[in-house]
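Only one chain comes next, encoded as C-alpha cells, the form predicted on its own.
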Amino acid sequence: MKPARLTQTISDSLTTLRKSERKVAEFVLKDPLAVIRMRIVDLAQHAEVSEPTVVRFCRAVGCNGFQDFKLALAQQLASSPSYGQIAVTDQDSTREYTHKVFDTTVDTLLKVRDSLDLETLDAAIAAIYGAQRVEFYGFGASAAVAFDAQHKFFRLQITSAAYADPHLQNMSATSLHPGDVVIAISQSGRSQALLDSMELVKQAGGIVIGLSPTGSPVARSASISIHVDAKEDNQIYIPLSSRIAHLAVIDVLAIGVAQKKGPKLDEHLMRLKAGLASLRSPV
C-alpha cells in the first residue's frame, strides 16, 4: 500500500535506509518535480547508485516499484506543488510569497489530516461530550487557538473557558472536578508552564487532551494526545500553518461533539443565528 504522504515517509525513513538508498532519498527530496519525469536509469545516474538500489529504495518507502513510486509522488505533488520550495526569502515577489504561504498551509493541513489517529479523535470527542466543563490552555500563537476554540464550544452549549495566563491556568486546574476536560494547545509541545498546569489538572481528576507535536513533553503528558506535526519557516514569518492546523483540529472536535448532541443543538444554533441578525447591517 502506498503511503498517503510519500515525502514525509521518505524523510522519516532517512535514518533507517541503507547508505546507497539514502542517496536516492536525498536526491528525491531535493528535486521531487524532476524525479517524476525521470526513468529509473536517470534517477540511478543522478543519485550515483545502481538501478536495483532504486527499486529497493522504492520498496523501503512502501511502494511496489519505481513506476508505483513515481505515481505516488506525482499524486502528492499535484496537491502540494510547492513541496521543497516553500521557504519564504527576502527576494520573493508578492506573487511568490503569497503562493508559498498558501501552498505551505495546504501542505501542512494535508499532512496533519493524513496523520490523525481516528480512535484518538473519537476518545477526545467522547471525553469532551461527557464533561461538565471544558477549558482551553495555550500561550502565544496557541492562545489565539484557545480563545477561538472557547467560542466554538460555547456555541455548542458547553460550559467552557480559555486561559493564556499561567496563574489563571493553575487556578482553573485546581478548581476542576473528575471528568472535566482541559485541551492543552502547544505548537512546540515544550512550554513548561503549560506542562505544570496539565499536572494540576490530572491531580484534580481531570482529563487533558493535548494538541502538540509527536513525542513532545505535552504529547507524553496528555491523557489523550492528538499529534499535530507541522514544520515552520520560523526565520521569516511566525508559525502560520501550524496555527491553522490546530484550528482545523479544533473544528474536527467541535463537529464531532455537535453530532453527538443531535437535533436539539441544531435548534439552539438556529436561535443563536436569529438573535445575531439584529446586530448586522441590512446592507
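Numbering starts at 1 and follows the sequence shown. All values reported here derive from a predicted model rather than from experimental measurement. Each form is matched to the other, and the largest set of C-alpha atoms that superpose within 1.5 Å is called the rigid core.
Although it is not shown, the form predicted in complex with the DNA is what the next lines describe.
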Please pick, from 225, 241, 53, 216, the one residue with any non-hydrogen atom lying within 4.5 angstroms of the DNA in the predicted bound form. 53
Would you confirm whether the three residues 140, 168 and 192 all fall within 4.5 Å of the DNA in the predicted bound form, going by non-hydrogen atoms? no
Heavy atoms within 4.5 Å of the DNA in the predicted bound form: does residue 49 have any? yes
Given that the DNA is not shown alongside this chain, does residue 13 nevertheless sit within 4.5 Å of it in the predicted bound form, heavy atom to heavy atom? no
Consider residue 40 of the chain shown here, and say whether it contacts the DNA in the predicted bound form, taking contact as heavy atoms within 4.5 Å. yes
Contact test in the predicted bound form: residue 20 vs the DNA, heavy atoms, 4.5 Å: yes
Work out which of the listed stretches, 249-257, 56-64, 216-224, 25-33, brings a heavy atom within 4.5 angstroms of the DNA in the predicted bound form. 56-64
Would you say residue 161 moves between the shown form and the other one, meaning its CA shifts by 2 Å or more once the core is fitted? no
Using a rigid core superposition, assess whether residue 221 undergoes a CA shift of 2 Å or more between the shown form and the other one. no
Is there a C-alpha shift of 2 Å or more at residue 35 between the shown form and the other one once the rigid core is superposed? yes
Change in CA distance between residue 69 and residue 103 in the predicted bound form, which is 3 Å or more, as closer or farther: closer
With a difference of at least 3 Å, the CA distance of residue 23 and residue 215 in the predicted bound form shows the atoms farther
